[in-house]
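Below you will find one chain, with nothing else, as C-alpha cells; this is the form predicted on its own, and questions on how it binds or moves follow later.
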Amino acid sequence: MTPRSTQLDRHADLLDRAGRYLAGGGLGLFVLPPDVNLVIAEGRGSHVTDASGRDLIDYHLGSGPALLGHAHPEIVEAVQRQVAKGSTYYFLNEPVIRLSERLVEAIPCADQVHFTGSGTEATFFALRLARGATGRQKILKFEGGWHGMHDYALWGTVPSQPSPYPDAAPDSLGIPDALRGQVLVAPLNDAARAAALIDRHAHELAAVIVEPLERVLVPVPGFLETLREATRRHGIVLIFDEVVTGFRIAWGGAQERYGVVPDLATYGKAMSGGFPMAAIAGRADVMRHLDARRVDRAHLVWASGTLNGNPVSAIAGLTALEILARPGAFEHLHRIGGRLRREIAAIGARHGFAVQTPGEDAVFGVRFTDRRPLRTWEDLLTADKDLNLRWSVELIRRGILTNPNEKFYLSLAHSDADVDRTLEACDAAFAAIRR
C-alpha cells in the first residue's frame, strides 16, 4: 500500500501541474476553491477517491451523467465487449440502431432521433433544425436557462439582475454582437408574459426552448401548457431541453413528469450511462429536414459530427436504459433524494438558516434564502452564494463532494448509509458556518 504521505505529495503535485498546464487550472467554468480542490483517481458506485486516497460521497456525478453510479459493472462489461470491436466507425452500427429504437419507445415526442456528441451540440442543432423547418430566424429562451456553450445559448443565463426583456446581455466574451436581438429572453414561470412575447414575435420566431425543470426551478401549473398552446397556434417549434431531466426525474423525463409534449427534445447526461453522447428527439415532420435521402442538399439542415452514433457510447446508453427500466429504479431515486431534501432543510433551520431545497428528488439545489416561492431567476438571485460556498467547502472537508451553488445529483448507487453520513456532515457544516 502506498504511504499516505506519498499519496498527499502526489495529489499536491498533480494540482500544481493542473494549475500550470490547464487553462484556468480546471476543465471549465467550475473550479473548486484551492483549499478543497482535488484530483479524482477513480469512482465506484456513489463514491469517488481522490489522488490522495481520500474517499468522498459524490453528489455531482460528473455533472449528472453517472445516474447509475460510477463504473456500474453491467456498463463496464458491455463497453469492454464493444471496445474490443473498435471504438468508432462513423457508419451505422447495431448498438446505435438499438438505442434509437429504445429512445423512440420511451420519449413521448419522439418519432425519430438524431445523435450528437454533447448536449451543447444537441441544443445547437435543434435550434438550427427549428429555423430550417419554419424558415424563421429568432428564438425565445428563459432567463436562467442553461442550454450549453454555443453562441445562441449564452444570453441571459446568469445575469446579476433581471434582464430588460426581451433583450438580454451575452454571458461570455466572444459572442458576436450580430446575434443581439436574435435571442429573445423572458422570465420563467410567467405564462402571460411568455404568451404575449410569442404572439408579438410569432412571425419571426422559429423556436421556443425551455428547460422544463430550469436548473432547480419547477414549472408552475399552466406554464408549460401555455407555451405548448402558444407555439402550436403559431407553428413555432417548442423544444424541451431534457439534457438534465431525461431519464432522471421519470422514465419519460419531464414530458411524463409534467404532462406536456413538445415538438423536439434534447437529451444527454444520463442517457448514455456516463459516456459522451447526446440526442435530438422529435416529430417526424420536423426531423425530416435532417433526411439527406429525401431532401436535396440545398434544403437540408446539416447536423453531422465525427462521433455521432459512437458504438461504445451507444452500448453504454442502451445498457443504462435497460437498468433504469427495471422495477423500483425511479422509486429509489425519489426516496433517497426526497429524504435528503427534507432533512437538509430541517437541519439548516435548526441551526438558524433559511434554507430551501428546490428542484426534484433526483436533482435538486440547496439555496440559502427566505424568498418563497422560488419561481424565477430573480428569486434565485436572493440566495446567499457566499454562505452556500462556505457550507459546500465544509461538506467537501467532511467527505461530501458537491459543486457549490449548483445541484445535488442522485444516483441509483446512493444508499441509506450514504444519506446517513451525508446528513451528519451537513449538520456539522451548518454548525461550522454558524460559528
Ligand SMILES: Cc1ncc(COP(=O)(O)O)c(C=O)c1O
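Worth saying up front: this structure is predicted, and the values here are computed from it rather than measured. Note that residue numbering follows the sequence shown and begins at 1.
Beyond what is shown, the protein has a form predicted together with this ligand; the following relates to that form.
Heavy atoms within 4.5 Å of this ligand in the predicted complex are found in exactly one of 316 to 324, 158 to 166, 243 to 251, 91 to 99, that being 243 to 251. With the partner omitted from this view, the residue of 190, 143, 361, 211 that lies near this ligand in the predicted complex is 211 [heavy atom within 4.5 Å]. When this ligand is considered in the predicted complex, only one residue from 120, 226, 172, 134 comes within 4.5 Å through any heavy atom, namely 120. Contact annotation: residue 215 falls within 4.5 Å of this ligand in the predicted complex, judged by heavy atom distances. By the criterion of a heavy atom within 4.5 Å, residue 148 is counted among the residues contacting this ligand in the predicted complex.
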